[in-house]
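Here's a solo chain for you in structure tokens, the form predicted alone.
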């Protein structure tokens, strides 16, 4: 009986690596599909763009906001699959993290893409099959203990600050509105009742109507989705570009550092709002994609300079010298050793910048460089409402929406700074 048990164990051990490799291959396929979808999102526009039927702003908007994120995430998912195929135990939990983020990206782009998340769900479930779970779960639990302790202490610090709690609650409320507005908003974002213009708040229109008969409540709610998307997209892309360029400048120094820093100096020489106005004008059309592109161009130098300073400090640390001594490549040292130790100030800056981008985007719309006429966007609603200033509800409700959202991001940014700063954590 004992001999039979030993044979069974050997059979299980032979099957387990095959199942693990299957998970790795499956995850790699998900990555390849994501990259393919990214290309397909842009491919139909190439011909019309060359023919002049689509302007540069719209083409660049799809490229930057949809195609590039899908390709980059696909490459990330593919590399995770390769690592799992090689049975690197520390990479297994990243299947969970990466596929959850990937699902969020699919929902963000919209259309029928969220159905692709079925493959991600299958990949996560395969992780918990007994033959695969044995390869990573124990190490994950050991690593999870200290992380959960830090998480509990971070939540304690958040609860200790009422203003941060208020900021988190407000942001969660805005996110809930943005994700579900299509389920409960009384009217659509462009729906108008031409016979009910400039009506005061009433049971039918609880926040009144505008000069075109649009329901102010519905428009403000729909604008939440638009403005949050602009803020998150701009900060995410600017952070990635700025981090990449700043890290390269700080780590390699020399000519790379000089070129990157002189370019950032040029951008810092112009006021951000003026530069954004010039870029939108150069792109030649008023739309949300052009706003996002302009703000990305304006915002990335902040992250480049911040990351460069942090990398200059970290590259001289002993752990970097140790990584070099064992033959680690510059790319691996930068990506897996230095950047994780520079992320704290970047996260704080990004959280604070969400409110700043929101205000700047609304400002561009207000002065006529933003969204197209008729778009449910907070800044545009205030701009069109100022012609009828005696009807207070036209500007009051979108103004309050901007105020609360920007305030919430600033409150949360202060809280994140307190949580991530080791000196403040010890107080």
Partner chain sequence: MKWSTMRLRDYVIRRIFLSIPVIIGVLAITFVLAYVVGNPLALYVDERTTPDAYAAIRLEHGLDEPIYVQFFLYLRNLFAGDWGYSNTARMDVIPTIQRYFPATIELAIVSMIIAVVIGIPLGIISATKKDKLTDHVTRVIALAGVSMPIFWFALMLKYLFYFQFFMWGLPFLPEGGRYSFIYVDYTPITNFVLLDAVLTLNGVLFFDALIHFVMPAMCLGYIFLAIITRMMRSSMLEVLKEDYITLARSKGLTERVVIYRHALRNAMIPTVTVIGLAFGGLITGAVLTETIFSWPGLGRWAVAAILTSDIPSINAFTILVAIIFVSANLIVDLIYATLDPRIRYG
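Positions refer to the first chain, counted from 1. These figures come from a predicted structure and were not determined experimentally.
What comes next is about the form predicted together with its partner chain, which does not appear here.
Novice: Under a 4.5 Å heavy atom criterion, is residue 268 part of the interface with its partner chain in the predicted complex?
Specialist: It does: once its partner chain is placed as it appears in the predicted complex, residue 268 has a heavy atom within 4.5 Å of it.
Novice: Is residue 402 close enough to touch its partner chain in the predicted complex, meaning at least one heavy atom pair within 4.5 Å?
Specialist: Yes, contact at 4.5 Å.
Novice: Decide whether residue 200 counts as a contact residue for its partner chain in the predicted complex under a heavy atom distance cut-off of 4.5 Å.
Specialist: Heavy-atom contact with its partner chain at 4.5 Å: absent for residue 200.
Novice: I'd like to know whether residue 26 contacts its partner chain in the predicted complex, with contact meaning heavy atoms within 4.5 angstroms.
Specialist: The answer is no: residue 26 has no heavy atom within 4.5 Å of its partner chain.
Novice: Does each of 240, 260 and 346 have at least one heavy atom within 4.5 Å of its partner chain in the predicted complex?
Specialist: Not one of the three qualifies.
Novice: What stretch, of 203-211, 111-119, 171-179, 272-280, brings heavy atoms to within 4.5 Å of its partner chain in the predicted complex?
Specialist: Result of the contact check: 272-280.
Novice: Determine the residues of 373-411 with a heavy atom within 4.5 Å of its partner chain in the predicted complex and present them in sequence order; the list may be empty.
Specialist: Residues within 4.5 Å: 382, 386, 389, 390, 392, 395, 396, 399, 400, 402, 403, 406, 407, 410, 411.
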